[in-house]
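Here we start with a single chain on its own, the form predicted on its own, put down as C-alpha cells.
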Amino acid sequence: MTPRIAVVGSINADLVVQMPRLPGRGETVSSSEPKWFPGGKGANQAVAAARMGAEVFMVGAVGNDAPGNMCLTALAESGVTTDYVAKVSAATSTALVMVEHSGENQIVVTDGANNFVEVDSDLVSQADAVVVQFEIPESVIIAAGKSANGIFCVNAAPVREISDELANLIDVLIVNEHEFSQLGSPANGLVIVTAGDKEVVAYQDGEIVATAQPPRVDALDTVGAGDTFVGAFIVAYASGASVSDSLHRACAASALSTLKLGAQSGMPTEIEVNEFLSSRNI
C-alpha cells in the first residue's frame, strides 16, 4: 500500500552556518561561509515522507520571492506535490541555523508566509495520514485535525501548550524528551518520545508499548533528523506497520539523515533505509 500523506505546515528558507562551537550568551564565534538550504519542519517532513515512498501533498505558503521558489523547487524535485502551496504577499519564512562541528545546532525561525497557511479540507479528508507541526497557527492545525479522516499526527515542535480542543483530535503525538517534559507528559493516544541518540519510547494511553534504539553513526549535521523521524514513522505506520517496526525504520532514517549537511539534502530514500537495516540485521 502506498499511503497518501498530507503535510500541513511550515516552509522555510534555511541560512546555515557552521562553527567550532555554538556561541554562549553575548558571545561572537567565527563561522564558515553561510549556505542557503530549503527547510521548515513541514517541508522537511514532506520530503522525508516522499523519499520513504509515500504520495505526499504539501499544504503551506511561501512568499513570491527567490527563497520561496527555491523551497518549491526542492519539494517538487523530491516528489512532493506543491499544488496546494499558496504564494502570498509576505516574505518566505526564514530560519537561521547554527551548526557546531559536533553536529549539535541552534535554530531561530522568523515569522513570514507560514502565518498565512490555509487548509484544503477536501485534500486533507482524503489522506491516509495528516501531519502538522507547531510552526503554523493553531487555528490551522485544528482545522486540519477536524478535516482529517485518516491518522492525525502532531509534531509538537516548537513546543507550546496543547489546547483541549486540539488534544481531542490527535491520534499520534511525536515529541522529543524536552517537549514531552514541558507538555506535562500527555497520556492520551499514541505518544512517541525521541531523545537524540538515546532510546525512543512509544506510549499508548500512558503505558509503554514499544521502544527502539537509534543506530550509532558519525553525525555531521543533526538538523532535520527529527523531521526525518516524523516522516519515516508516519509512512510506515500509515502503511500498516506495527508501532515497533515503524519506530525502528524511523530511527534508521533519522540516523542516516545526519551524515550530510542540510535538513532535506541528507534525507535518505526508502531503498537506502532498507539497505541500512539489512546491513545491521535490524
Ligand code: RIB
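For every residue, the number given is its place in the sequence shown, counted from 1. Small disclaimer: the values here were computed from a predicted structure and weren't measured.
Below, we turn to the form predicted in complex with the named molecule, even though it does not appear here.
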Does the named molecule get within 4.5 angstroms of any non-hydrogen atom of residue 60 in the predicted complex? no
Find out whether any non-hydrogen atom of residue 40 is located within 4.5 angstroms of the named molecule in the predicted complex, and reply yes or no. yes
Contact flag, residue 183 vs the named molecule in the predicted complex, heavy atom cut 4.5 Å: no
Please check if residue 210 has a heavy atom lying within 4.5 Å of any heavy atom of the named molecule in the predicted complex. no
Heavy atoms within 4.5 Å of the named molecule in the predicted complex: which of the stretches 189-197, 107-115, 121-129, 68-76 has them? 107-115
The one option of 166, 175, 140, 95 with any heavy atom within 4.5 Å of the named molecule in the predicted complex is 95
As a check of understanding, the residue in 223, 238, 253, 50 with any heavy atom within 4.5 Å of the named molecule in the predicted complex should be identified as 223
